[in-house]
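Okay, here we've got a single chain as structure tokens, the form predicted alone, with questions on binding and movement later.
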Amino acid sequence: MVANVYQATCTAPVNIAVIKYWGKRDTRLILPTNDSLSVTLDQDHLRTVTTARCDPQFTEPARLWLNGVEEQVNAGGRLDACLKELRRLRADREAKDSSLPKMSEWGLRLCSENNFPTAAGLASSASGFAALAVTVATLYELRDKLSDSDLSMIARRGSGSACRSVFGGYVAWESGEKTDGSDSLAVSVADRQHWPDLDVLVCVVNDAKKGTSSTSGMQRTVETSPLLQHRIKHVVPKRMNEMRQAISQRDFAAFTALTTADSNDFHACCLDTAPPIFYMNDTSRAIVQLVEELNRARAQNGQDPIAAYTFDAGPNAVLYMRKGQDSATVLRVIRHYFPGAFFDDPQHVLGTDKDQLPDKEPLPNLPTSFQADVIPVHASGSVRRLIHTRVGDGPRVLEHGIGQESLLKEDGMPLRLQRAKRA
């Protein structure tokens, strides 16, 4: 570390819930109404990078830039709640060791960048607040004092689903029962190596900012949806147990049935909200029809399903497949019915040179019972981007100090600064 400069740069992954969290029993502490379970995606493809620096010369308590645009840091807001807890923990260390620099009293500069669309239903707040919590904890030299579950409770104060991005692999967020939130935390269900042949395809249907935010949407659902109350009491507890078992046994058929059913149930609760919330669009529903037809044709041949779909609070589909022929088949079918998408395939499933691939794939060999007219071939660009990825690891420390990974310049300002405010 450069003398008298205190800085850290870390990354955190996106996670996609297969058993959804929707609704809070405490909006201030962000305590959920039900347990949830997620799959962490590979940070080589989807991640948030955050640099944090503290300095006694910084006059503001905290400044934050997200993708080059400065964001307001509101007293009593979600970011402030995370930072207050991290400062408190750092202050405890300083009180016990007078030789430590008083970083808890200094101003902070925070700079975060996503390599995927923000606020479009791709869990940007989850990776963002997880990266922030991990980076500031690294800066404050707290990582050896906190378990990952401890750190997940701090990330949770920023965004509920962020607690799951503190872990890699398969992660459960236990909702807890205590009013202070001390038992509402994330725990590992299995690491990324447990099920090595699981692939993921993210279909970015629309990368615009969604119309109804998750925060406002879920509270409307809690207040008005009888279906959500049934889900909380009767559906989720059973599904959580069954999903843990499916992951433990690497049972793809059970995983598919549970994942698709929970996604559909979640969006049914959104429709049961007054007024109803529409996160999925016509392209989203066409993807559902296509995957269901693929799975139906396979079942008629006595085969396991080929893919599971899930949709968070947005129109983008996340498909789970098994590596190899199944993965290649799903990719070709999606590229046939939704041509013209930018294709990000680091695993080269369809060939080593994606620039040589046609915009529209011919249909691969499918069961004879597959109904090719289940949906029409959509207009080019209906799916804007396809990201072929896999299950990933948890947060990474890139640097503890100043180096090539820093998002801040020597003067503490962002390297990449945009003057225009996001629309």
Ligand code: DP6
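Quick caveat: nothing in here was measured; it's all calculated off a predicted structure. Note that residue numbering begins at 1 and tracks the sequence as displayed.
Heads up, the form predicted together with the named molecule isn't pictured, but that's what we're talking about next.
message: Under a 4.5 angstroms heavy atom criterion, identify the one residue in 329, 214, 260, 138 near the named molecule in the model of the complex.
response: Result of the distance check: 214.
message: Just to confirm, with a 4.5 Å cut-off on non-hydrogen atoms, which of 160, 315, 305, 128 contacts the named molecule in the model of the complex?
response: Residue within 4.5 Å of the partner: 160.
- prompt: Just one of 63 to 71, 382 to 390, 357 to 365, 23 to 31 has heavy atoms within 4.5 Å of the named molecule in the model of the complex; which?
  reply: Every other range fails; the passing one is 23 to 31.
field: Proximity of residue 298 to the named molecule in the model of the complex, heavy atoms at 4.5 Å
entry: It does not: once the named molecule is placed as it appears in the model of the complex, residue 298 has no heavy atom within 4.5 Å of it.
message: Does any part of residue 143 reach within 4.5 Å of the named molecule in the model of the complex? Heavy atoms only, please.
response: So residue 143 does not count as contacting the named molecule.
- request: Would you check, heavy atoms only and a 4.5 Å threshold, whether residue 17 touches the named molecule in the model of the complex?
  value: Judged by the heavy-atom cut-off of 4.5 Å, residue 17 is in contact with the named molecule in the model of the complex.
query: Can any non-hydrogen atom of residue 334 be found within 4.5 angstroms of the named molecule in the model of the complex?
result: Flag for residue 334 set to no.
Sequence-ordered residues of 218 to 234 touching the named molecule in the model of the complex, heavy atom within 4.5 Å: Residue within 4.5 Å: 218, and no other.
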